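Shown here is one chain on its own, the form predicted alone, set out as structure tokens.
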């Protein structure tokens, strides 16, 4: 156990190091000039050379890549993630504020997509080759090929613009501070982004669960249960549901990376103030400190999800082996 723990920690540290290096390299290769991007082209052209040099020093754009990374990494070892020049606040503070919105959005979408995908896949496998099965597979194939931002725009136009049931964007009502917003208002603003993010995530879970349900229904222990007089649905519920649920759960944990990637597009479409929108703002403005901090947090979330999936696979091997003896 100690060797596994040390190996896991080593992989995590190497991942964090690799993500930070890649982030700094990509920002340095970007054609975006952080000074010009944040002061505006007109203002930048009218500036004196001395003012441009002062702003370049403030943004650190004039320093070599290795020096910028060394300064940032040294501060990180002391618990300082730097200052976001776009938001004029410490990176840790910006991430903490935005992370609450993103985690709430991704958590709701993660649960909804998992539950609906599992139910849809189980029923499709139980009623294999039926009209419901064909409709479910068609629904999943269409959703798997639909771009997230396009689906978000359609949902936004239908439910927010035409029907007016939900707000067009943001996480709080206009003119109200986040501290004064109640739970009902926060959930009302989160419905459409969470719906968009969860609808896209249903397809993989449903298709995987359907195939697993078909395999379980054709297994020997289900046939034995059927021979004792149980119906297909009761035999599946009493003897096969765990063997279907656990693989779906591990796949759901492994899908955290896809949900986080989809949240970036969803937050942009709905102007939802989360980590995804902050990452886009940091990238377009050359805010390398904020971008590196968000990259580290997102990589940590993905690593945690994959680690949970690996743990679940170990549990599945033991329990499924016990069912087949």
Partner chain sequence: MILHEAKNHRLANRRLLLVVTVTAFVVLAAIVIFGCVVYDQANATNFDQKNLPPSLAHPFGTDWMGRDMLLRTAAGLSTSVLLGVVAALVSAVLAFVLGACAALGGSRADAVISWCIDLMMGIPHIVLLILISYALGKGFWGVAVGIALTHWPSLTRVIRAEILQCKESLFVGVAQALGQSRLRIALTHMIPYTLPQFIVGLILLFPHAILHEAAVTFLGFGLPPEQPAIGVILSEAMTYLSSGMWWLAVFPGLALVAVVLLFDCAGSSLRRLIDPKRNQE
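So that the term is clear: the rigid core is the largest set of C-alpha atoms that superpose within 1.5 Å between two forms. Residue numbers count along the first chain shown, from 1. Since the structure is predicted, the reported quantities are computational estimates derived from the model, not experimental observations.
We do not show the form predicted in complex with the partner chain, though everything after this point is about it.
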### Query
Of these, 146, 237, 163, 115, which has a heavy atom no more than 4.5 Å from the partner chain in the model of the complex?
146
## Note on the structure
Assert contact_stretch over 224 to 232, 149 to 157, 243 to 251, 91 to 99 against the partner chain in the model of the complex, heavy atom within 4.5 Å, equals 149 to 157
### Task
Although the partner chain is absent from this view, report whether residue 273 comes within 4.5 Å of it in the model of the complex, heavy atoms only.
no
### Message
in the model of the complex, is there a heavy atom of the partner chain that lies within 4.5 Å of any heavy atom of residue 50, even though the partner is absent here?
### Response
no
### Query
Using heavy atoms and a 4.5 Å limit, would one call residue 141 a contact residue for the partner chain in the model of the complex?
yes
### Query
Does the partner chain get within 4.5 angstroms of any non-hydrogen atom of residue 26 in the model of the complex?
yes
### Those residues of 67 to 94 which, in the model of the complex, come within 4.5 Å of the partner chain by heavy atom
none
### Message
Superposed on the rigid core, does the Cα of residue 302 end up 2 angstroms or more away between the shown form and the other one?
### Response
no
### Message
I want to check residue 26: does it shift between the shown form and the other one by 2 Å or more at the Cα, with the core superposed?
### Response
yes
